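Next come C-alpha cells for two forms of one protein chain, structure 1 first, structure 2 second.
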Structure 1
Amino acid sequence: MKLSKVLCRQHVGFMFKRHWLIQGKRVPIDLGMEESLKAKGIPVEDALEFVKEKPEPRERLEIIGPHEPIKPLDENHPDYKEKPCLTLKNSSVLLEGVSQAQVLTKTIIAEGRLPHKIEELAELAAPKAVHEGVKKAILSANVFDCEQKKLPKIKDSVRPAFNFPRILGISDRRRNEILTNKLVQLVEKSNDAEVTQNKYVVNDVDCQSIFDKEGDLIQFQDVSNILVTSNKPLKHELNESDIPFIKIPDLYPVKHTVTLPPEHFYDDNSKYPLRPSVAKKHPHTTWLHFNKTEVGNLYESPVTQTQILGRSLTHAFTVASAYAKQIHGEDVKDLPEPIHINCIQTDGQLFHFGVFELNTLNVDGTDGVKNIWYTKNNVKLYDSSRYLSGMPVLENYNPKVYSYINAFYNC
C-alpha cells in the first residue's frame, strides 16, 4: 500500500494517553542530596511521614458566623409548649373562607360598602398623566420585565396525563411586587409632601397574633407585602345605622378550627413589626398579595373565591390585633377605642378593598361587642395585558382602582 499523508497521521488522543502512561512510570533520579545532607548532620525526614496526622487530640473551634446552629425540634427546644397552638399561616387559607373568618374573629361584614369618606375621595378625578403611569406599571409587571422562570404546568382536564411544553415567563410573585410597588410610588408622587412625609412604607414584614377562642389557642402568622404606617392612628367615621350587616354564621357541623394544624413549637407573644419607639408606627394600609403558586388549601384543592376574601379579613385582623396588643398588652379584651386599618389584596388583576374596625379581642361566642369589616371586592384593574401581533397591548383599563388606592392613602 502506498503511504500517504493521511496514513501517516497520528491519533492525538491515543498519543496523549501513551505519553501519559510513559511519563507516569518515570523513576526519580537519585542526585545524592540525602547522603550529602546526612554528612553535614542535617536530619532528613520522609515527606509522606511528615504530613501524616498526629494522634494528638485537637480542640473544636467555635466559628462565629451569621447563623446559629439549628436546634433539634424536641422537648428541649425553647419554643416547645405542651399545649398545641392552631396556626393559620400566610400560605394557607380557611376551608369555609369568609364564614370561618367571621367566626374566628367575631366579625360582622358590610359587603359592597366602604366608609363614606373613602367613596368621596374615590370620586375625585386623577390627572391623565397619572393613569398613563398606571398603564405603564401594568405593562412593566406583565410584559416588559425580563424575568424568565418556569411557570406552573398546564393541565388539561380532558387529557390529564398529557405533558404540555413548559413555558418560561414572569412569576406571579414578581408581577405583584412590581405592580403594587409602582402603584404606591405613583400615589406618593401625586400627593403633597405634607401627606407623604407623615407616612412610612415598609416591605415584607411579619405580623403575628395569638389569642384564645373557646378553649383553643389560635395563632395567625401573616406577612404584609407592603405596610404603610402613619404618625397618628387611622380614624374612620362609620355610620352603622343604615348598613345591612352580614351576621356571624353558624358553621355546624364544621368546627371553626378546621384546617388549622396544631403546632407545639411557637412563641406565645404577638408580634407587630415596628417598635413602640418609632414615631410613625401606627398601621394605616396593608397590602396583601395572592400568589397562586404559593397559597393553597391544606388538602391541595383549588382555592375558591370565598377563601381568598376570607384571607383579607384574617390578614387585617392579624395586623390590627398585633398592634392593639403592643399598645394595651397581651391580655386586652375590649378596646377602649376602636382601631381602624385599611387592607388591599390583589393577584395583579383583581383588587379587594377593605376597612377593618377592631373593637374587641374577646372572640368567644357571637354575643357582645363585635368587630366590623367593610369591603368592596372583585374590582378588576384590566382585562388583558400581553403581546398581540408583536405589540404590547393593555385592554380595558379601569381607572377606578387607582382612585380607591389614592383614597385609601389620603383618608
Structure 2
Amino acid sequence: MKLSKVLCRQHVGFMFKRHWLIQGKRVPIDLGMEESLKAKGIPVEDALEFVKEKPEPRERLEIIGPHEPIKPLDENHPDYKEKPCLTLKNSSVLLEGVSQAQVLTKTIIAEGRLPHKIEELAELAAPKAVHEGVKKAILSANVFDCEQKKLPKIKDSVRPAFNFPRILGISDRRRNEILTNKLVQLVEKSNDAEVTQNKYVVNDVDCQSIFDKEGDLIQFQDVSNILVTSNKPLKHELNESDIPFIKIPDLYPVKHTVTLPPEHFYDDNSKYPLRPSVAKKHPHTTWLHFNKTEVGNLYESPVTQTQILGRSLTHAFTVASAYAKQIHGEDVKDLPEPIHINCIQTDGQLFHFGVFELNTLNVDGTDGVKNIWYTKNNVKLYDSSRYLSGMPVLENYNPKVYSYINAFYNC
C-alpha cells in the first residue's frame, strides 16, 4: 500500500508519535496549588531537586558466554589470505559435471567397467541370510525409521503457486546414513574376523585438498560419510591396454573454474582426517552420500545426472590427494607409486561405483601422466520402498549391488 494520507491517518504508531510530540510541548497550568498550600503552612519544594541526573554510560563488559564468539570475517581473521582460492564444497556441484571434473583432476575415464578383480569377486553369491539383512536395511531406512522431519516443499509445475501440505518423514540425510551404515555392517559381519580386524571405519570425516592449476589456487572440501581404511594401502592391478578411455575433453567456451566461488578464508594445507601415527590410516573405500536437499547448483538449477557423477570423481580425488600429500608432502607432483581408492556414491537407491588411481598431482594442461577413473554407474538397489496405501513395500530388490559392495570391501 502506498504511504498516503489515509495510511498516516490509520496508522496507530504514527498517530501516537505525533500525539507524544504535541503532549511533550505542553505547558503546565498554574492551578493555584502552591498558594493554597502556603496559606495552610505546608512547605513546598521544587520537584527538580529530586530528579536524578542521567547515569554515566558504563563500560562494555566482555562476557564469557557458553559459546566462543565467532570472529568477524574481515582482513584480521587468522585464515584471511590475499589470494583467493576457488572452492568446491561438499554441498555444491560442478557446472559441467564429469567433464569439468576430468579437466580439474586431469583424469581419463573407463566408463561402465571396474577392475577385473572386483568384477570377479562380485560374481560370488552371498548367502540368503545376508540378502535378507540387506532387505531389512532398505526397509528400515525407507519405511520403518521413526524420524518425522519436514520434507522439502512439494511443487507442481502446472500450478506453481499452489501450497501443498508439508509431509513429515525420513529426511534423505538420515535415510542414506541408515542404509549405508547397515550395508557396511552387513558386509563386515559376513566377512571373517581376520579381514575386519585389518580395517577401520569412521563416519563423517572431513577431507581437504588444495592444489594449483594453471595459476589458479583450487581447493576441494569434502566430507567422507563413511571412510573404510585398512592397515596397508589398497592396490589394484589395472590392465590399461585394451580399455577405450574417454580422453580429457575441451570445455571451451566454459572455463574449468566455472562455479568454483573464490574464497579468501582458507587453510593453506591439505587435510587428511587420520593422523600419520594411526596404523590403519590407508584409505580403502570412501562412501559419499548424495542428499538431494543439501546438494545443489550455485545458481539453483536442478542437479543433473552428470553433475552427480562428477561429484564421485572429485570426491575420490580429494581423499586420494589429501592422503598422498600427507605421505609425500604438500609439494609432491608425480607420485612414485600410484594410490588407489574405491568410491561409492549413493542417493539411497542408485549406486555409483568407482575406482580411482592417483598417478599425479600435477594437474596442469592435458598432457603427461594422468589419473585414471574406473566407474560403473546407476546400479539400482531397488525400484521403490515406501508405504504404499498403508503397507510397507519393497519392489524389485537387486542383489547385484550387495555383491559389488562386498567385492569393494574385499579387494
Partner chain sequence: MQLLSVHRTFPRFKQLIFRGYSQAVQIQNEDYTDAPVYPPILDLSLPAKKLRTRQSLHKKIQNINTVEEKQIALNMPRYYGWQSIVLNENKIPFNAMPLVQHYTRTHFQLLDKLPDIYAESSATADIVLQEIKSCIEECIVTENEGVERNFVTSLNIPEKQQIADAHTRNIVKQINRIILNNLTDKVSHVLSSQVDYNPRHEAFWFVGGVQLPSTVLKWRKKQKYYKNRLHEPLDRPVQYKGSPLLTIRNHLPLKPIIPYSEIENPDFKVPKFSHCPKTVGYFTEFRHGTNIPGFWPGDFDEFGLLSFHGRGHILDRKDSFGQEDNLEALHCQAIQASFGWLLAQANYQGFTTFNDLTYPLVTQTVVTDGQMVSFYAYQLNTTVIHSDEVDINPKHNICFGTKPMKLYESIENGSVKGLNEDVLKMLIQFYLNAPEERDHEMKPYLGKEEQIIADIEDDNKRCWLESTYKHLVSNRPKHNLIPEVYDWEKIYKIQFNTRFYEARRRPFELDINPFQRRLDEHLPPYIPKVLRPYPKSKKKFETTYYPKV
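Residue numbering: sequential along structure 1, first residue numbered 1. Take the two forms, find the largest set of C-alpha atoms that superpose within 1.5 Å, and that set is the rigid core. As the structure is a computational prediction, the values presented were derived from the model and not from experiment.
Source of structure 1: the form predicted alone.
With a cut-off of 2 Å and the rigid core superposed, H19 has a Cα displacement that reaches or exceeds the cut-off between structures 1 and 2.
Once the cores line up, the CA of N378 ends up less than 2 angstroms apart between structures 1 and 2. After superposing the rigid core, the Cα of T366 is displaced by less than 2 Å between structures 1 and 2. In the rigid-core superposition between structures 1 and 2, residue position L388 carries a C-alpha shift of 3.0 Å.
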